[in-house]
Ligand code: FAD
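Presented below, as structure tokens, is a lone chain in the form predicted on its own.
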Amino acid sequence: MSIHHPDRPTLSYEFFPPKDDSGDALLWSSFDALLKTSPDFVSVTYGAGGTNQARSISVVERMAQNVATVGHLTAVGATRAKTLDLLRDFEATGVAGILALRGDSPKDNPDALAQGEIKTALELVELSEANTGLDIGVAAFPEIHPESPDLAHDIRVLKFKQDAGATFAITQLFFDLDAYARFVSAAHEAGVTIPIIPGLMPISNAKQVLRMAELSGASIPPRLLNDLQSAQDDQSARRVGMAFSVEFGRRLLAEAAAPGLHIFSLNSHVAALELATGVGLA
């Protein structure tokens, strides 16, 4: 899979494995709707430490029949043998690539990462590169990883991953254009050449997105926060949030020369489609 098109920005979506039958129906109706926009690829998240992993693998392999699909993979509780089996299964069933993530231990097993044989995303990159032909994506953090001492450290880690075989990066949730531009500039200066695709969250449910931003450590622009808090009702807040999301996506593409946008769909096609259309990628 080649997710980088020098002549045009890419469009992609993230989905997550459903927890029940109603969630399953929502996922596939949204997937079918977004597939009509001809995305370059889609990705599917992966539950840590056994959470929803079987569903995730099933979703990845089913989506791969219709579009280039990237399966998220974490190091939490992972052994080399089982991870290698999964990588080879992905390759055999037509999965295009993986997103190699360290991941965090689940709350009910805080020692899961320490207990696993694989400890880092870099080890996942190395294992996949040595044993498969899968494309390998990694995470990037425009506002610095929560456990990182500084931006320079994050850039060094990203360069290590590129040197080990990573072919693209997708960023964590963020809302600061300058943070992305600084990160990409620093990465390029350090010799990082792989595309760094912004992960973009459509703000259709302000409370939900603000909560996710708080959990991930993403800063909210003061003006946006004020406008959302001043909205008279949920619909007004949605209009404010989506207007910001579309403008932010346009600026990432035009001003920051982003190689594409990876839209976090939250398994709902309405806002994702509105955003993709609004920025001119669908």
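Note that the structure is a prediction, hence the values are computed from the model and not measured. Numbering starts at 1 and runs along the sequence shown.
Unshown form predicted in complex with the named molecule; subsequent notes refer to it.
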So which of Ala206, Leu122, Val192, Ala179 reaches within 4.5 angstroms of the named molecule in the predicted bound form, heavy atom to heavy atom?
Leu122
Using heavy atoms only and a 4.5 Å cut-off, determine which of His145, Arg88, His188, Arg211 is in contact with the named molecule in the predicted bound form.
His145
Going by a heavy atom distance of 4.5 Å, is Phe41 a contact of the named molecule in the predicted bound form?
no
Test of understanding: in the predicted bound form, would Ala96 fall inside 4.5 Å of the named molecule by heavy atoms?
no
Residue-level contact is defined here as any heavy atom of the residue lying within 4.5 Å of the named molecule in the predicted bound form; does Phe168 satisfy this criterion?
no
With the partner left out here, check for me: in the predicted bound form, does some heavy atom of Ala140 sit within 4.5 Å of the named molecule?
yes
Tell me which stretch of 128-136, 180-188, 88-96, 68-76 has a heavy atom within 4.5 angstroms of the named molecule in the predicted bound form.
68-76
Listed by sequence position, which residues of 157-177 have a non-hydrogen atom within 4.5 angstroms of the named molecule in the predicted bound form?
Val157, Phe160, Lys161, Ile170, Thr171, Gln172
